[in-house]
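The chain below stands alone and is given as structure tokens, in the form predicted on its own.
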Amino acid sequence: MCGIVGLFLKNDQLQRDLGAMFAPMLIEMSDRGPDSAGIAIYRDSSHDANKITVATTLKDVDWDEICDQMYRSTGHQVRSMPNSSHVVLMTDACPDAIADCVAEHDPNAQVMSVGRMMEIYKEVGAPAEIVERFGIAHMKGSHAIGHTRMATESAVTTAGSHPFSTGRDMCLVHNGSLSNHNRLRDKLIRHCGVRFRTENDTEVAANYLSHSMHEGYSLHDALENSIADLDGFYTFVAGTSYGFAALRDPIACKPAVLAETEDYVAFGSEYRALAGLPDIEAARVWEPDPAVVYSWKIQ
């Protein structure tokens, strides 16, 4: 079943309240996805440096010491921002080199995302627990996308949770199922050299989109192209550093609601996820049309 929420702030003055506005939206979708949850948050552009978000099994470690070792190994400064089971590493070093350094300390570490703005936090557990664990309600930023998962096609794991990131500052969450994902996975592996980390069909869709954008398409156009190339029942919400977008399949059997005011755009699998937002009574609220891409950009 799964639940999706998204919040895109058009009013910069609200960025300090992003987490406080977003956290209740995610928790409200708990009964649509009780086994795991995650959030992609866009905030604090690190300019020339990447933010590499890593899920790690290390506990009670000195990340400053590990960063010093990374500097000796790569020749690039690395700063760390630990957050529960994740750590954000900020550096202009090659992300693959940083991942190799982390793996020397934690072979089970998983890179969640790479980008200048985006950080992804996701874990197994109830959405309210995830919100509390990572301090989502206190985060500032320009926009956020979240997902609560009810696993139907793959195991309940951190890696299999949403959001999925397959490109810099790009993420995707998905409610539904794709019917041609195995064929598309094989095509992306054989013809595009894509590597997959999970059996989740959402990772296939995410790689399709990131590959399309690598080829020069905008997020909006990549989603429009996906209507012809992806079969199944789905609702997508995708994010980049410059905005976010939503799409329902041509049949549109999965629920979705959009709301827009002068200050924000909000998405929810159900209206109750949006009901607590400020001035929601004055918002334009509508059900997205089938096979229509809705997108917004940072001005």
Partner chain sequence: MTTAAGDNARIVDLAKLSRREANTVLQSYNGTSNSTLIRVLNPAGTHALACGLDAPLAVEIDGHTGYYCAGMNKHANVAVLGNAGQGVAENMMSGRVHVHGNVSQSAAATAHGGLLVVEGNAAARCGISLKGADIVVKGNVGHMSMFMAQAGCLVILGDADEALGDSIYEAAIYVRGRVKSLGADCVEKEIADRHCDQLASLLEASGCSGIDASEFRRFGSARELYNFKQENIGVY
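Since the structure is predicted, the reported quantities are computational estimates derived from the model, not experimental observations. Numbering follows the first chain given and starts at 1.
Beyond what is shown, the protein has a form predicted in complex with its partner chain; the following relates to that form.
- Considering its partner chain in the predicted bound form, the lone stretch of 246 to 254, 65 to 73, 51 to 59, 36 to 44 in range is 246 to 254 [heavy atom distance within 4.5 Å].
- Not displayed here, its partner chain is approached by P290 to within 4.5 Å at the level of heavy atoms in the predicted bound form.
- In the predicted bound form, its partner chain lies within 4.5 Å of some heavy atom of E270.
- Contact check for V285: a heavy atom falls within 4.5 Å of its partner chain in the predicted bound form.
- Proximity of A275 to its partner chain in the predicted bound form falls within the 4.5 Å heavy atom cutoff.
- Shown without its partner, the chain has R32 as the single residue in segment 28 to 42 with a non-hydrogen atom within 4.5 angstroms of its partner chain in the predicted bound form.
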